[in-house]
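Included below are structure tokens for two forms of one protein chain, each presented in isolation as structure 1 and structure 2.
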Structure 1
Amino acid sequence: MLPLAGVRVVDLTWIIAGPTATRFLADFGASVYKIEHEQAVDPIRLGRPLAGERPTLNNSGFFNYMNRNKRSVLLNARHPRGMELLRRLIAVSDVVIENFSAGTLASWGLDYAGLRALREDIVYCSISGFGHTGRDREHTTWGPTAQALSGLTFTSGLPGKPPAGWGYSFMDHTAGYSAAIAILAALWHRARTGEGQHLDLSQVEAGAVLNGPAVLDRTVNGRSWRRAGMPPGNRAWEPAVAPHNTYPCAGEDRWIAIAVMSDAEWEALARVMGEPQWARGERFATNAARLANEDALDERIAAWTAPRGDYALMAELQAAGVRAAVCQKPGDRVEHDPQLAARGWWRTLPHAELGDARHDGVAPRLSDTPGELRAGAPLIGADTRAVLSETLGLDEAELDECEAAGVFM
């Protein structure tokens, strides 16, 4: 038995934030019914990378990653029968989750009051930029917008440059994980009291709490989190030590990070390098001297690392007590990471259009009731008839009638 076996989730989410939450629930056994509409398809179904030249609604690796273990149900909520079926599905489910702008579900008559009329103890989770109350509730956001408004974008970037933020929607994932935790807490509360509730999650608030380390550093140490006055590149700034940088290795765009934190570690690095004469000179004898001559030091280490293979060099340096790590690309994490391989992190699942596709594992790993990778992402609408038959008892004639009337779109 998986921990969430028997829990039904009506998934009205799209893009990343909501699907991140329902992916977690599905991994641990919840029956997640992803409600879709062919005329308003989740843009991630068109997202790259694709298997082939053009999107087919089913050949997106991105969508496959975000929506494994779920079932796809086509329902045209604009059709009266489609809305009726959606309401009936909600009435026999435990959780409704959506990440539309505030007020969208209310316009369908499916705000919390409307949902409670269908099922008194429903757990309703809404994810939006600012939440469903307050002055800014009607503003729409994307992950990077919420990141900037939460203050996190300000803390990143190069010295002397404008704030950079992160290139990926970090806040979408953070909001999704927060939503999953909130849903689990609400289900536990319902199990003890019989009461459902509305979980109103603001992405901006979920991001703001991540500023704790920056606030603490400013309060206790008087330091700004902005990178003003910091050394360029990957050199250390606190504590200021050298060498501390990334260095080229053999192959195209291959690099290794080396960090020497003490004179003893510098001696170890010199031994691995074969005790070159330059390493024994006064210019590099102490940390202060190495910092004063950091450009020359980095040039010499780079010349030594450049013809060497990165993984072999990492192993050699680590064995000698020198802090070193390959600067991994995404493919390295899949193909060459020994720790992830030892934990069986990468799994392969079949997919009708993508073929065998790699998936990351389930985190956290529960000893007695671990999550499970059961299936890749569903083809659009693939489970419509089965779900409506199993959960609502529609027979073949009723299903045919709905399909002919355009309810399944």
Structure 2
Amino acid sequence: MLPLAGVRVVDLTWIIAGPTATRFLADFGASVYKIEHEQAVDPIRLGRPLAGERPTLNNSGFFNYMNRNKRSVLLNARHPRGMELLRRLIAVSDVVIENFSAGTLASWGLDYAGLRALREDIVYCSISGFGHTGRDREHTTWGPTAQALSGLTFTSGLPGKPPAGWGYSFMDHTAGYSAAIAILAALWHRARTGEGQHLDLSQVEAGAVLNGPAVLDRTVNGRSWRRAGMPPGNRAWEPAVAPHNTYPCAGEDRWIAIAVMSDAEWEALARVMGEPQWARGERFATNAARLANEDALDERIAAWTAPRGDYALMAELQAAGVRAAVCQKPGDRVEHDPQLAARGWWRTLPHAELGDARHDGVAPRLSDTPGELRAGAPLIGADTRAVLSETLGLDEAELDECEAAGVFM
């Protein structure tokens, strides 16, 4: 049996942050009901990559990736019977999760008090940019906004250059993980005490907690990260060690990351390099010396790596005890990564419009009750009748009536 079997989640989320949280819950067996409305679909349903040229609502690979194992329920909340069914579904569920702007759900009468009136011990998780309290609660974010305001974007870049940032919505993933953790912890508390609660997750705060030591460096030492030489690119911040960088390899845009954390690891690297004369001198004998001469050090290592093949070099360095890895692109991970392949990470699930569609596996791996890939992402509205019948006991006549009245759209 899956560990979260029996947990019912009314999923009002869309795009990435919320669906990341419910993807994890669904992988481990929660019944996740994705409530959808054809007039305001999850934009990811239209998101590339698509099978074919034009979006059909059901042919997005990105949507399939984010929403496997979930069920889709079409419910028009602007129709009185649609709202009534949503409220009844909440009343028989354990979790409500949404990532609207602060105040949206309240405008439907479904703030925490409203939800509690339907189900006393509900666990309500709201994911918003800034949280539901505080002076800026009405500001809106997408992942990049949260990354910029929380300090994450700033930490990623070469000194003297504009911020490189994360290149994707890292904080959508991370807000989703934080929400999943909060929901599981709240369900644990509820199982012990019978008490539900509101989990007010701010994407900016979920990002701000990821750089605690940098904040303490200012509050204790008075030192800001905004200073010359920061951010330090791929060189180390703390602990300060060298060499610690990315180096070019043979081929176009191929890179290897090497991190030497001790003198013993430096000696191991020097052995792999064939003990060149330059590596033996005092300039590079200690970590302090290597840091002081980091430009020269990186230049020489780069000259050594540049003609070499990345995966072979990674294997050679690792065999010698040097921390090193190819900077893997998505295609590298899927087609070449021997570790992911050996662990059976890539899976296939059939999908009506995408065919045999590939997915990543379920992490982490639980020995006795592992997560499962049961079904690809649902076609829009595919489960409306089944879910309302299973959860609320609606019969065929009632379902037909709702359908005719435009409740399922």
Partner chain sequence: MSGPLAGLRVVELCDELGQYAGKLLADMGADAVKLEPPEGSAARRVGPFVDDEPGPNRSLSFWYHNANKRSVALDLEGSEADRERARALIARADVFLEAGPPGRAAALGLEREALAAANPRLVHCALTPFGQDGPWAHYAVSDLVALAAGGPMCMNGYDAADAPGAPPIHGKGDQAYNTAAHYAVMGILTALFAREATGAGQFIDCAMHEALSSTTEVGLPHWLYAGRNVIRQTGRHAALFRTEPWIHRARDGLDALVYNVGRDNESWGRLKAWMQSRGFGANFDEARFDDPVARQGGRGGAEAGEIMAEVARFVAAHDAEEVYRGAQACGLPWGVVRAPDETLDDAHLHDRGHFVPVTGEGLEGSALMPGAPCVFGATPWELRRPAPKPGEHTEEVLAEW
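For clarity, a rigid core is taken as the largest C-alpha set superposing within 1.5 Å between two forms. Worth saying up front: this structure is predicted, and the values here are computed from it rather than measured. Structure 1 provides the reference sequence; residues are numbered from 1 along it.
Q: Kindly point out the structure, among the two, that is the form predicted together with the partner chain.
A: Form predicted together with the partner chain: structure 2.
Q: In whole degrees, what is the turn of the smaller rigid part against the larger between structure 1 and structure 2?
A: Value: 20 degrees, smaller part relative to larger.
Q: How much does the C-alpha of residue 328 shift between structure 1 and structure 2, in angstrom, given a rigid core superposition?
A: So the C-alpha of this residue moves 2.9 Å.
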